[in-house]
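The chain that follows stands alone, in the form predicted alone, written as structure tokens.
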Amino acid sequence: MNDFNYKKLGLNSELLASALDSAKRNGNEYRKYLPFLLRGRTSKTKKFTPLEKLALVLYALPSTYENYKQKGIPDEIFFSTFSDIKIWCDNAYEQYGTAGLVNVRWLAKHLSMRIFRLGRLQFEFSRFAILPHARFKNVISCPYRLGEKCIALHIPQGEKLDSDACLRSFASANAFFAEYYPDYKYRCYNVITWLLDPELEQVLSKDRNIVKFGKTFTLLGRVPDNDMNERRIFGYKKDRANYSPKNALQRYILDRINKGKPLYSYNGFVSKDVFDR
């Protein structure tokens, strides 16, 4: 642990120092959980406090870093991928007022090298899925089989959804998996997010990044996901009565909420071949 550059994670210095102190003092105990974390398993970590969970993740980081080096994956990708630690620590503080990590299960995907951040977007080894209660005719003509290998797409918070940056991420993903995981054969990217809402094209101008992003995908289905989507748009621990929409998007979402309409998460796909052109 001593040789690993934890400062590159961008964590608050006091939080980082406290977590590293915990990792140092409890190293013998944390070592028992290392094989589970490196396989993406976290059920045995539920007993730990948020600060201890952060310490566990930091304790495991050098092992994952060595696995990156063995595959020849650049440091830039490693530290970009693990910038998620700061994001989820910030979320834990905003949502619960606690210092450390609450969502270890998500970070375990990073530790087990199942998810990578390549530019603006994150990409995860996955299986093709269609949300229940699909309502789009595109399901009938979908060229992909349920359960076949694919790459799931995630959109990290904290940055604009610049359409050119997203296109570069997809191109980078094609190159990344071809170079470092050539035996992993997949045909498409699969995503579940509120950002694919087709009504946004009627609310926002067509040249907005969110609209361009949504039109990249073929829609399959949708499910109500009010709590998650509301928090993503208006933030954590905010009283709904005090929502103050700052733009057309938030006004549209608040209008749906006030009318009792669900906020949907949408399921969509795009062929990987689109980004080889």
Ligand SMILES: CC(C)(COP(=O)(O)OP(=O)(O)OC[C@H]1O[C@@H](n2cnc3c(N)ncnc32)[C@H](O)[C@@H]1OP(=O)(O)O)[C@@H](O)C(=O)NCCC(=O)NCCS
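Quick note: we count residues from 1 along the sequence shown, nothing fancier. Because the structure is predicted, anything quoted here is derived from the model rather than measured.
Unshown form predicted together with the ligand; subsequent notes refer to it.
Under a 4.5 angstroms non-hydrogen atom cutoff, the ligand in the predicted complex has Arg232 among its neighbouring residues. Although the partner is absent here, Lys109 is not a contact residue: none of its heavy atoms lies within 4.5 angstroms of the ligand in the predicted complex. By the criterion of a heavy atom within 4.5 Å, Arg208 is counted among the residues contacting the ligand in the predicted complex. By the criterion of a heavy atom within 4.5 Å, Leu249 is counted among the residues contacting the ligand in the predicted complex. Among Ser169, Asn190, Thr193, Thr81, the residue placing a heavy atom within 4.5 Å of the ligand in the predicted complex is Thr193. Contact with the ligand in the predicted complex, judged by any heavy atom within 4.5 Å, is made by just one of Pro182, Pro143, Gly158, Gly97: Gly158. The stretch that touches the ligand in the predicted complex, counting heavy atoms within 4.5 Å, is 150-158, out of 150-158, 69-77, 111-119, 97-105.
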